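Taking the form predicted on its own, here's one chain by itself in structure tokens.
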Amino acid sequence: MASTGEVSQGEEDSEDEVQKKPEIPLYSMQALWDGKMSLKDFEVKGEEKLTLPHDVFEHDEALPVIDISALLGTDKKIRDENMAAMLDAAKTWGFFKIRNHGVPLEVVKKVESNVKNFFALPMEKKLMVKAINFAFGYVGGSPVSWRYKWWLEGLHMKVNYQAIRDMVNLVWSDDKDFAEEFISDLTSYFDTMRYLSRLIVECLTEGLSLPRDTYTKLETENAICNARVNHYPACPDPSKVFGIPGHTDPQMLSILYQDDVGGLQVLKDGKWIGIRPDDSTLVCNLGDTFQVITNGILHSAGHRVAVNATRSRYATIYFYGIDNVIPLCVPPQLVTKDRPLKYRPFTVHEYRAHCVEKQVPIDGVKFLEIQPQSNNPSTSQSKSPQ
């Protein structure tokens, strides 16, 4: 589900500055399809090799399911039960499913269908909106320098309506009707998912006994809210590659719709668990930013994607983030004698750059941990999200 490396347009650097930076070389799935690469180039070896097939799920899946309508309802008992269940899932799993969430399935499926049309275009059309430095636009794979290559292609879309309009109109300059339909579908999707993301973040914040807007009020114009549709092609030997290796997401919250193929696997208590696809629910997971600014009370869980030999898999993800450039730190209410300050102040821009450098690690938050020997009082002083 990863959305990382977007140190790019609308963030700390302007689009012109991004274009001037040395471009990070990316491999492309097209190189595989053209015979310039082979399966061996993607192979994962040793202990990290995939052992859980894409379609193996827990017989009695334990991933909690939260009723979003109950969080908005007037029945205090049912609301409290769902609030408690969601907070517990956020502390232990870092993942949960949501139902009765108010997002029509057809809204998400339309975005998925439209982006499928994009992936089916000739490569020269897709490269018209090529992502520079692993940022927004078409990404055909992952940086060539990374240890493991991702078996995917993706379209990464910033929640900026003019940017979306420019991208879609450029690719479909010869089909204005479809372009307008695509833009309309994306607008509906962005609006509903932004509302849903804010609701979940505010409910979890309330569960921590903080003011509901402690974190959402930091969603400024520098915030990175974005969407991505990933295409994981069928693979001749899925036991040897990852769609995406084990990682955590850097932002606050991710909301995923996965098609019926299966492949999402979550790390829980040292065990990888397959998450069964289900059209009646969406999958939510917390990102590293949320873990850090709650002093580790909430959990950003490792997850990965397995591929299969017969079918392409598509995943549509909305990533919710807060300001990218102001220093973030733990609210003082979450620092106690029993839970001392664990993380230093940071910016999302800084952390995303670290994730790209470290190839989207599964333990990236260690970069933000305060070392035990550090007793510098200034470490704990910064602008808290209050």
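Numbering starts at 1 and runs along the sequence shown. Fair warning: this is a prediction, and the values are worked out from it, not measured in the lab.
Keep in mind that the form predicted together with a small molecule is not shown, yet the notes after this line are about it.
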Checklist entry - Which pick from 126, 228, 101, 268 sits with a heavy atom within 4.5 Å of the small molecule in the predicted bound form? => result 228
Checklist outcome for this item: The one residue among 168, 139, 305, 86 placing a heavy atom within 4.5 Å of the small molecule in the predicted bound form is 305
Item to check | Option from 350-358, 315-323, 48-56, 332-340 whose residues, in the predicted bound form, bring a heavy atom within 4.5 Å of the small molecule | outcome: 315-323
Checklist entry - Within a 4.5 Å heavy atom cut-off, is residue 149 in contact with the small molecule in the predicted bound form? => result no
Checklist entry - Would residue 241 sit within 4.5 Å of the small molecule in the predicted bound form, counting heavy atoms only? => result no
Checklist entry - Counting only non-hydrogen atoms and a 4.5 angstroms cut-off, does residue 288 reach the small molecule in the predicted bound form? => result no
Next on the checklist: At 4.5 Å between heavy atoms, is residue 256 in contact with the small molecule in the predicted bound form?
Outcome noted: yes
